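First, one chain by itself in structure tokens, the form predicted on its own.
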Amino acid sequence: MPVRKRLEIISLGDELLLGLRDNAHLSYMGRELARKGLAIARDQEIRDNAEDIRNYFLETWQRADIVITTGGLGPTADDLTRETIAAALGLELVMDELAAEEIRKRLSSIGRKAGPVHLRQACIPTGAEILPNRNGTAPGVWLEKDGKILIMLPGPGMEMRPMFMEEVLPRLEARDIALINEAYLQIRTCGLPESELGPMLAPLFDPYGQRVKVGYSCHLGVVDIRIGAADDSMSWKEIETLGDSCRELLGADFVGYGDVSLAERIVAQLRSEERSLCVAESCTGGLLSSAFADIPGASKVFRGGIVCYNNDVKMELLDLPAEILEQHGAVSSETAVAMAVGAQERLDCDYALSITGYAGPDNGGPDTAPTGTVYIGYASPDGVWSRKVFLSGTRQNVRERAVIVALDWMRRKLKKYDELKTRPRNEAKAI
């Protein structure tokens, strides 16, 4: 078990308090630290103001064993973290020549010359170590002082996250502060609310009593279950066995272990079969395509998507017959199927998924279905289907939930087909 330490975060940036940017760093580090057996005791969002930085840091430094700051390490006038914290600790700033040289090289590679304003980023408190920044000019800082650890990280996510994974976590593991392995097993589910999952899985957890820790976390369309040991009396093998029991009981509602997404499961399944996929979408405006495009290596499966918001575009790009739109409307089962088939034929794919609906705030007119009505089309080598759902919430909620429903529906149909292929012939049933 790691040495228990109190860890606190100070997130710097006026933009956080003005609501111009969400504190994505907190959710990211909270998730990654929890996996390593570390919990964030407190997070504070403060202004880019020297007095605030000094006061909040000294208060936190007195209380915590590990302090992580994000932001304020860049070259601009409002980047005050490094200088202010060094002064608060009574330390001088010294130039790290290796870091300075890296800054010169990076700027030179884009035709710029490093000036004093850039090189100040290479100044660190006496006794500190540089955390290399492979994606920007502002290095991070690691300082151990008075039995405590100070970690200063840059604000941009593309710089902070790789630095955290490649530099910070390995150092915490080496000092027996963070676990080398995972602290808990996560199971991702889709289809059942938390209120039903708890009672359903309780008979599996009850025999372990206080030895097991179970947590539930709801996200958009999915619920994650975290299973961990309350103490050293429960082995990782037992946790894995318990996870397998949960998987079997969940059946089709089991998505996967860890943070695997619905789209990732679809891509993995189709890639194993060397099949291709495309999408056509109206009200979701590209969200369905993005779900697949976000996956590294998805190009092996995902051929592309057609966003056809306008009826003329549906007819032009998908060869959707005008008669279907005239007789059934743009938001209908017939149109959803025609969109999927049109995309399947136009993009020459094995599978196609389509979405059309009324996302709001207004519906399509007095004679149409209400806001939140969504139709999903699915075309496969084995046939075509459509599904109608009603989704509540804001316009954005409806659009995002429509994507989740479509992905989960396709995942389940692929799972059924996969089971059919492996089932003895005399036990095969219609999908």
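Just count from 1 along the sequence shown to find any residue number. What you see is a predicted model, and the numbers here were worked out from it, not measured in a lab.
There is another form of this protein, the form predicted in complex with another copy of the chain, and it is not shown here; the text below is about that form.
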Checklist entry - Looking at 101-109, 308-316, 175-183, 67-75, which one sits within 4.5 Å of another copy of the chain in the model of the complex if you count heavy atoms only? => result 308-316
Item to check | All of N23, E45 and F302 with a heavy atom within 4.5 Å of another copy of the chain in the model of the complex | outcome: yes
Item to check | Single option in V389, V384, I404, A41 placed near another copy of the chain in the model of the complex, where near means a heavy atom within 4.5 Å | outcome: A41
Checklist entry - Of the residues P193, G115, G285, P170, which one places a heavy atom within 4.5 Å of another copy of the chain in the model of the complex? => result G285
Next on the checklist: Taking another copy of the chain as it sits in the model of the complex, is E166 near enough to touch it, meaning that at least one heavy atom pair lies within 4.5 angstroms?
Outcome noted: no
Item to check | Close approach of T81 to another copy of the chain in the model of the complex, 4.5 Å, heavy atom | outcome: no
Item to check | Y56: touches another copy of the chain in the model of the complex, heavy atom cutoff 4.5 angstroms | outcome: yes
Next on the checklist: Residue-level contact is defined here as any heavy atom of the residue lying within 4.5 Å of another copy of the chain in the model of the complex; does A293 satisfy this criterion?
Outcome noted: yes
Checklist entry - Taking another copy of the chain in the model of the complex, which residues of 385-406 have any heavy atom within 4.5 Å of it? => result R395, Q396, R399
